[in-house]
Ligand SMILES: Nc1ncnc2c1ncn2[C@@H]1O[C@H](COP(=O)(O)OP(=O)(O)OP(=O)(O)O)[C@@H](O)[C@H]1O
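Single chain ahead, written as structure tokens, the form predicted on its own.
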Amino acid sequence: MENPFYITGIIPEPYFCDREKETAWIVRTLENKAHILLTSPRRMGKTQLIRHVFEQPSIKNRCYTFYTDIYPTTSLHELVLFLSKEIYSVLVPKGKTVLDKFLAGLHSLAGSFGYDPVSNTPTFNIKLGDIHSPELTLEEIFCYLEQADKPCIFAIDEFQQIANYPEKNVEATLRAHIQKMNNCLFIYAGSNRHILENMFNSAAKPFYNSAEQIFLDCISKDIYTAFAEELFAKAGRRITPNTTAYAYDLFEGHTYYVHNVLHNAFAYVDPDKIVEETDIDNTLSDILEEKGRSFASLMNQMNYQHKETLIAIAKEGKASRVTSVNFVKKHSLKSPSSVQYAISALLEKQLLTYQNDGRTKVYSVADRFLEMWICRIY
């Protein structure tokens, strides 16, 4: 039987776990014509949630929905390329009339499209070098979204990347276009909370107070474990309730990691065997061994201060008051200032994440597999 624990691609509806409240809130917010800022730790399921929302009938039947992950982008040129390519790919199946309306508006790229005589449609073969005036092309993209024959929803994942672009005033440029639009709503998503919170909660920033905010936390233990046990049962397999709870607790409910371990246990444990806690331990060891080489390479690329700070936080699991004398002495770190510098760099590289406990930031390693590997090696 097909493995029901999806860890790549789009999760089909029967295998999508919970998120009912979050889905209802996002749909309602979009129906009320508000933009959304969706933040979560990495691999908590925000991308799958967005795609799940897009499949809801009130959204799917009424709107054009677009999704692009701009994490690989480093400039406004690349952002324009990613946005235009996503719009093109969504509109191709909608028919030539709909597609032609979009292409007709891209005057700045008019000479860059090829033509497929078999499908009778243009082909998207635009390269970065074809985007000579990204500000103009961006304006054309937003003009299309505003004039499209259906309402549009555009989800931009890892939105914090725009803060790193070398071009000046990218945030202000985007905000200037978006605040004038009535036909397109935006979901700004990302996992780098300290940058996104600064972008949307600082009065000095263009996107200040411009989106309703939701933080995606873990699925509750009772709901997730019942869901996992049901997937095993439907496949004619057996797993004990204690085992699903054990897998959940190992990662404190962090969706991707629990799902990944259960995916591998489903795949590699004998189908006739009841999956137990020892099988989860063995599966996890296999995963960490497989990832060990890439983790070692990552650690070797860090300077000493970054590495020792990351190791200290990994060993704590959840680390607060990281610049205190007690924390610095406990882990034999250089100084509070060096820890603060290292944490800023590790947050920027998305190797660390944090949650707020009142006014205190509680840090943890963003990749739970990396955290476990560090604790085993160091």
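In this text, residue numbers run from 1 along the sequence as written. For clarity, every value in this text was computed on a predicted model and none was experimentally measured.
Keep in mind that the form predicted together with the named molecule is missing from the display, and what follows is about it.
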| Exercise: A366 in contact with the named molecule in the predicted bound form, heavy atom 4.5 Å | no
| Partner contact for I7 in the predicted bound form: the named molecule, 4.5 angstroms, heavy atom | yes
| said: Residue-level question: is F295 within 4.5 Å of the named molecule in the predicted bound form, judged on heavy atoms? | reply: no
| Contact between T353 and the named molecule in the predicted bound form at 4.5 Å, heavy atoms? | no
| Which one of these stretches, 279-287, 249-257, 75-83, 164-172, sits within 4.5 Å of the named molecule in the predicted bound form when only heavy atoms are counted? | 249-257
| message | Looking at T47, T68, T65, T29 here, can you tell me which has any non-hydrogen atom within 4.5 angstroms of the named molecule in the predicted bound form? | response | T47
| said: Counting any non-hydrogen atom inside 4.5 Å, which residue from T225, T137, S191, T243 sits next to the named molecule in the predicted bound form? | reply: S191
| remark: Contact check, 73-92 vs the named molecule in the predicted bound form, heavy atom within 4.5 Å, ordered by sequence, gives none
